[in-house]
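Below you will find one chain, with nothing else, as structure tokens; this is the form predicted alone, and questions on how it binds or moves follow later.
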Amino acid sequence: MPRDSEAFWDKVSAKYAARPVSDPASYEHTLERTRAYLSADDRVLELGCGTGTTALKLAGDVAHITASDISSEMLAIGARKAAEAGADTVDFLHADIHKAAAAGATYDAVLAFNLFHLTEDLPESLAAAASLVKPGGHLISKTACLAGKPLIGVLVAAMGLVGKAPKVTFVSIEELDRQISAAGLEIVETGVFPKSPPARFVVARKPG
């Protein structure tokens, strides 16, 4: 992601950390379905981890989680939370999708929640994410699919002009699914929760 995206998330990190989950039921369902594909010996990468809330909630279900983000301020908050919780199976990595992929490591599961609609090039980002998954492993993602929502588009654009919102890519559910398959992954589970605005949950397996 470009430097201005990193600066935006650094700036809002404290407010982001203090903000409660907007839809607790959908969030808990996301965690439940994600856990269904994780094992105690898995090594997991979370892309766009924010302040590490999800990584810390899943830490007890796997062997190790690397939580990555482009915002050093977000990561600093996450590291403090992990230290307070005594979560020694979570570490934090300052990297975007492409930097993480360039490192060459692969994982049993790669998580990307509320991330892909914030990337500049969706096919390129999905290809990079897929390269991080071990054969037989899973990419588990949840993405806001806002195509066909013109009022949201106007609002996001207006907020972006005054630095109150990041750049958003508007993608449909159908296009997201198509691009995930084009990245060489086999979709094994999908869902939409919440329904409005629609957030597409996808579990996709890497053949092998």
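For every residue, the number given is its place in the sequence shown, counted from 1. Since we're looking at a predicted model, the values are computed, not measured.
Below: the form predicted in complex with a small molecule, not depicted.
Judged by heavy atoms within 4.5 Å of the small molecule in the predicted complex, the contact stretch among the candidates 171-179, 43-51, 28-36, 57-65 is 43-51. Ala95 is the sole member of Ala101, Ala127, Ala95, Ala87 with a non-hydrogen atom within 4.5 Å of the small molecule in the predicted complex. Proximity of Ala79 to the small molecule in the predicted complex falls outside the 4.5 Å heavy atom cutoff.
Heavy atoms of Ile70 reach within 4.5 Å of the small molecule in the predicted complex, making it an interface residue.
In the predicted complex, the small molecule sits within 4.5 Å of a heavy atom belonging to Phe113. Although the partner is absent here, Phe193 sits far enough away that none of its heavy atoms falls within 4.5 Å of the small molecule in the predicted complex.
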